[in-house]
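Okay, here we've got a single chain as structure tokens, the form predicted alone, with questions on binding and movement later.
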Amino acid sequence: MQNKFLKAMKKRYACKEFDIEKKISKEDFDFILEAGRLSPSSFGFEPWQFLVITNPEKKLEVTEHSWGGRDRAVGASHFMVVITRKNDMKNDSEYLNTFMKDVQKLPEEVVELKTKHFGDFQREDFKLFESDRALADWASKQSYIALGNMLTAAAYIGINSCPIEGFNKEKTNKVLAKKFGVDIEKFDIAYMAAFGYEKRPQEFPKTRRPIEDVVKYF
């Protein structure tokens, strides 16, 4: 099992050209989404939402202001835009209070305690109350954990992928509001990702720094 996992990791790369004729089955893409849904996040608050786009016209709309995503979106079987919550991630928000009660199933006294500890963490440890941007960026960082898991899950079952940050964030947020019904007062785009099957095999071997340059033991 370890060998199969590492083989998938070594083969995975950012696919730049997808085979438009090959589509991912519902079963396989549900597997990828489940890897994202089950991902860890700080305090378990899951600040993300996955927008999955398969309609060709919608792919063009969402990549209108992307210099790195349009070609990938057109060829990919499934194109994803991940958005993250902003002010809803404040410790005392109504959203988090409801989340702790209804999703995490916490009793009232635990909700109160967790709200306090989360507030201390946000205020003192990470200084997230200094600006709305700081809080939004923190939420976005959490969503990248889900991205890594989805890319790896895809590679594990032989599906190619490409994470994408090549877009104008402000303009794309406006597109999401106008054409996808996203409330950009509450949500902010984190990244895009394309999933599908490569048009031609990767020609170059994977390059990474040697393990001794990456890992230091103390």
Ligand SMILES: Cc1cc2nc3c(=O)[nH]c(=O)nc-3n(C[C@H](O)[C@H](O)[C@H](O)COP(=O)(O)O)c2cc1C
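Heads up: residue numbers just count along the shown sequence, starting at 1. Computed from a predicted model, the values in this text were never measured in an experiment.
There is another form of the same protein, the form predicted together with the ligand; it is not shown, and what comes next is about it.
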_Stretch in contact in the predicted complex with the ligand, which is absent here, among 157-165, 46-54, 29-37, 176-184 (heavy atoms within 4.5 Å)_ = 157-165
*Hey, with the ligand in the predicted complex, do G75, H78 and R200 all fall inside the 4.5 Å heavy atom range?*
no
*Does the 4.5 Å heavy atom contact test between I20 and the ligand in the predicted complex come out positive?*
no
_Distance check, Y95 to the ligand in the predicted complex, heavy atom within 4.5 Å_ = no
_Proximity of R209 to the ligand in the predicted complex, heavy atoms at 4.5 Å_ = no
_Although the partner isn't part of this model, could you tell me whether Y144 comes within 4.5 Å of the ligand in the predicted complex, counting any heavy atom of the residue?_
yes
*Along 76-113, which positions have a non-hydrogen atom within 4.5 Å of the ligand in the predicted complex?*
none
